[in-house]
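Single chain ahead, written as structure tokens, the form predicted on its own.
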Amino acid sequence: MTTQGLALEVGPFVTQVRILFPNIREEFCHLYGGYPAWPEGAIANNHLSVYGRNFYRRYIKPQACVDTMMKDAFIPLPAELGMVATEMGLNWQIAVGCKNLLLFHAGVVEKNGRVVIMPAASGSGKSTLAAGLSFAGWRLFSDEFGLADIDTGEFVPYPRPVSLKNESIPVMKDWAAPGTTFSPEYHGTPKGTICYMRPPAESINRMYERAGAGAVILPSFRPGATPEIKPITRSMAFFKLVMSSANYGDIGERSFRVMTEIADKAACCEIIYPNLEEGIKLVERFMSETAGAGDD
């Protein structure tokens, strides 16, 4: 990873990753150890380099710079937060560079061939809920990026490590299966404390298996609230999908067609939940009550 880099495959993307800091390299390999790597010389979709701008910033007061080759302008972070900078770079490449898949800011999971899309803003609990479901019999597609094929409408798995923040970190350390891989906790980031969690092995091993949309669920985490499933209209589901998409306007007509099909066929609701256990129960209950919805 210090010369040509490592060609890492996650879902539909292969990224050539080059990291010059030993501590960041070690943390990256620890977290991504279960993912396939391509042989030297493989053609990658993206390139990412993490480096020190000069000798001083590499060895004396080290700062990690990230270059994605996509007109980025990241502020260098202290090298001890280099893994956070690396993940930001990987996110940037998808958010800015992905033009052949419809992109949603959403948690996405699958069970029994039905994909649940959970579009929501940061702080809604979607990452924690998606991560929790992945240890409760569901397959994680992504905690952050929902990807839909613009020709078939199928969802494409992209099971990168889950980004856990602040209070969700101890929750998932208690909830995840024994032996689950976590990164160190990174304190003092713009979003507070961050910790990354490798998804269950099944989610990584089955990342080539696509599936169709079964439900659009708007998650709303409210401490102390009574667990509740609230119906929403298909128009509202469509609106939320559009608002969560980073490239809806870039793709144009085909993205409109895919979103219309999802909103027409998928079961739709909002769930209000006070904790992870209740959130999982509500998703399970709603999916059980709407089994067969959207079938032709």
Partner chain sequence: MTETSGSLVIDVLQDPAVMLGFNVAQWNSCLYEARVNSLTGRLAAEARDQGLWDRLPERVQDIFLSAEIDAQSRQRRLMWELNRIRRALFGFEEPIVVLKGGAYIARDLTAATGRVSSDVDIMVDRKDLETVEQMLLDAGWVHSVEDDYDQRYYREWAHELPPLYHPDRGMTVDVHHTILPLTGRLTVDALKLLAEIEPVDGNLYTLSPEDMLLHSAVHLFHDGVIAVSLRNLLEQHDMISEFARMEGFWDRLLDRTDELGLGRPLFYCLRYCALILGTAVPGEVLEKTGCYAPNALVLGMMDRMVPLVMKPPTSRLFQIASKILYMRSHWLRMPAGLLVKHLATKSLRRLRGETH
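Only a predicted model underlies this, so the values are computations on that prediction, with no experimental measurement involved. Numbering follows the first chain given and starts at 1.
A second form of this protein, the form predicted in complex with the partner chain, is not displayed here; the remarks below concern that form.
Asker: Could you work out which of M236, A44, A37, M243 is the residue within 4.5 angstroms of the partner chain in the predicted bound form, going by heavy atoms?
Answerer: Flagged contact: A44.
Asker: Taking 4.5 Å between heavy atoms as the contact cutoff, choose which of D250, E261, E228, E26 touches the partner chain in the predicted bound form.
Answerer: Checked against the cut-off, the match is D250.
Asker: Spot the stretch among 67-75, 211-219, 181-189, 194-202 with residues whose non-hydrogen atoms come within 4.5 Å of the partner chain in the predicted bound form.
Answerer: Answer to the contact question: 67-75.
Asker: I'd like to know whether R254 contacts the partner chain in the predicted bound form, with contact meaning heavy atoms within 4.5 angstroms.
Answerer: So R254 counts as contacting the partner chain.
Asker: So in the predicted bound form, does any heavy atom of G97 sit within 4.5 Å of the partner chain?
Answerer: Yes, contact at 4.5 Å.
Asker: Is it the case that E278, even though its partner is missing from this view, gets within 4.5 Å of the partner chain in the predicted bound form, heavy atoms only?
Answerer: Because no heavy atom of E278 falls inside 4.5 Å of the partner chain in the predicted bound form, the answer is no.
Asker: How about E9: is it within 4.5 Å of the partner chain in the predicted bound form, going by heavy atoms?
Answerer: Yes, E9 lies within 4.5 Å of the partner chain in the predicted bound form.
Asker: Which residues in 143-168 have a heavy atom within 4.5 Å of the partner chain in the predicted bound form?
Answerer: Counting only heavy atoms within 4.5 Å of the partner chain in the predicted bound form, the single contacting residue of 143-168 is I150.
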